[in-house]
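The form predicted on its own is given below as one chain in structure tokens.
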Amino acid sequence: MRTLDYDIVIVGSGAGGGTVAKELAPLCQKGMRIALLEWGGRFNDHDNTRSEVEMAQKYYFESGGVQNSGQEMTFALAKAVGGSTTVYTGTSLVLPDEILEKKWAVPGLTSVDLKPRFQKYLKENNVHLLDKSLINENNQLFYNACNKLGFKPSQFPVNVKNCQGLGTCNLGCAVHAKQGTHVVQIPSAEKQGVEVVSFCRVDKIEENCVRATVLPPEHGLEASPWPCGEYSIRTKKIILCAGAIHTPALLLKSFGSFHHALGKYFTCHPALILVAQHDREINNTFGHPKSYYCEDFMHSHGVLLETCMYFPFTLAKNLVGFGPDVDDLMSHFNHLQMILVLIMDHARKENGITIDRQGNPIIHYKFNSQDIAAFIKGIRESARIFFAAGAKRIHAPACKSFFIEARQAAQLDQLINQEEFKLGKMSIASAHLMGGCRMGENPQEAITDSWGRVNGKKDLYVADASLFPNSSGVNPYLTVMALADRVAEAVIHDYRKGL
């Protein structure tokens, strides 16, 4: 086992880790040694073939098929330099004040404090609205149909630069147009002296020590800068940014259940894909896949509708059914329109992360009647949008038949019902993983304080979505960055104070 010495070790390189690394990088000019450890590999342009199965295997834990203990939902989380900022669509939304103040209600965490941090990363990541001329027909059909029905669609701001409209954002960007931490923050941190160590799996943390294993490279990616083998990394401060699944799991593996709330209150915005078939070909695969959303049903039912576009393998595995109907629908791929139904779940103690005997994370998540009602509402309203857009027929989960024809549009409330909503039959997925190390100012209820310091653990911090005390209600990416910026400020403060 090799022994190394660093001043700061950051675990994970996604929205949290990449941000912390960039903010702490100036310390390197003062002689401090900072290491950013990432379990996955570093992707260059030539490493992305845009092939669905191949890229899912390269980028995602378990090829994107991580499941909850009941096998009712899958979770998409990336294993790469840049974390999940490499594989999402670039959606960049600010945490609403209503959620910050009412649902989170963390003393000391205010919109006055967070607003300049949000503004910094909106600018740094080139967040903007796409020009309407660049929006494809899959998205435009949704927008027009929402207006026709009296709904109020809004456009997503996205963090892209020189986008080529490849459409495969969820498989990584082959031209690095998406301004994730691997494109913006991590290169800046490296230039200032932060060491990025790829293929480095952190196995355990101890007081001022990180135990890790550098693994052989996979999938033809470049090898880690450190030789393969086991490492004991002595350090003055540790910042965990491994995400809402692996950060709680690592704490549990390292220290046991030192706090009753550790790993609990996990939320994830569960989602379903709906698909409609038109009589004609529509422009659906070229261009940014996610341009619009509709939040007309957020306050009444806790459901958000979004445009989306998934390629054949991902789409097929999300359909409810087998045989000729699936073959028929997939054969008309160029005629398809898609909508994502995403529900706003709430933090519940029973939903969370535990570990098995080997220390691997187990995700526990149970749906309640409110969640299912939200899904039913979202499916029905999406069906109405599809038909208002001129769809010939739709495939909607929670329906007895595989297809609902346009002539049946008046019967949607009867055809789409709770009796047909069967967990295990539905293909429910999530990419917005939050909670497990909830922040707060009451050490009896929270794992960390409002600055990310772990209660009862000196020199240990958390700076990722596991900090969220409840759902963000929007894509969590930008909120993670704002909180990580705040954690970096706390680390610098503690260093100056000799804490």
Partner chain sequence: MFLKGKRLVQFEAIQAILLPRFAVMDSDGINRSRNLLNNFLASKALSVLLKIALFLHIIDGISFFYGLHCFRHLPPHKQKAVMSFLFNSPIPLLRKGFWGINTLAKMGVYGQTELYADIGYKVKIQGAAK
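Numbering follows the first chain given and starts at 1. Remember, predicted model here, so these are calculated numbers, not experimental data.
Only in words, not in the display: the form predicted in complex with its partner chain, which the text now covers.
At a distance of at most 4.5 angstroms from its partner chain in the predicted complex, none of the three residues Leu100, Gly108 and Phe156 contributes a non-hydrogen atom. Residue in contact with its partner chain in the predicted complex (any heavy atom within 4.5 Å), chosen from Leu166, Leu93, Ala271, Leu77: Leu166.
When you look in the predicted complex, the only residue of Pro312, Gly359, Pro217, Pro187 with a non-hydrogen atom within 4.5 Å of its partner chain is Pro312. In the predicted complex, Asp47 stays away from its partner chain, with no heavy atom inside 4.5 Å.
A residue is said to contact a partner when one of its heavy atoms sits within 4.5 Å of a partner heavy atom; Gly193 fails this definition for its partner chain in the predicted complex, lying far away.
In the predicted complex, its partner chain sits beyond 4.5 Å of every heavy atom of Gly229. Using a 4.5 Å cutoff between non-hydrogen atoms, Gly424 counts as a contact of its partner chain in the predicted complex. Stretch 68 to 76 is the contacting one of 375 to 383, 68 to 76, 298 to 306, 236 to 244, since its residues have non-hydrogen atoms within 4.5 Å of its partner chain in the predicted complex. Contacts between 303 to 338 and its partner chain, taken as any heavy atom within 4.5 Å in the predicted complex, involve Tyr310, Phe311, Pro312, Phe313, Ala316, Lys317, Leu319, Val320, Gly321, Phe322, Gly323, Pro324, Val326, Asp327, Met330, Ser331, His332, Phe333, Asn334.
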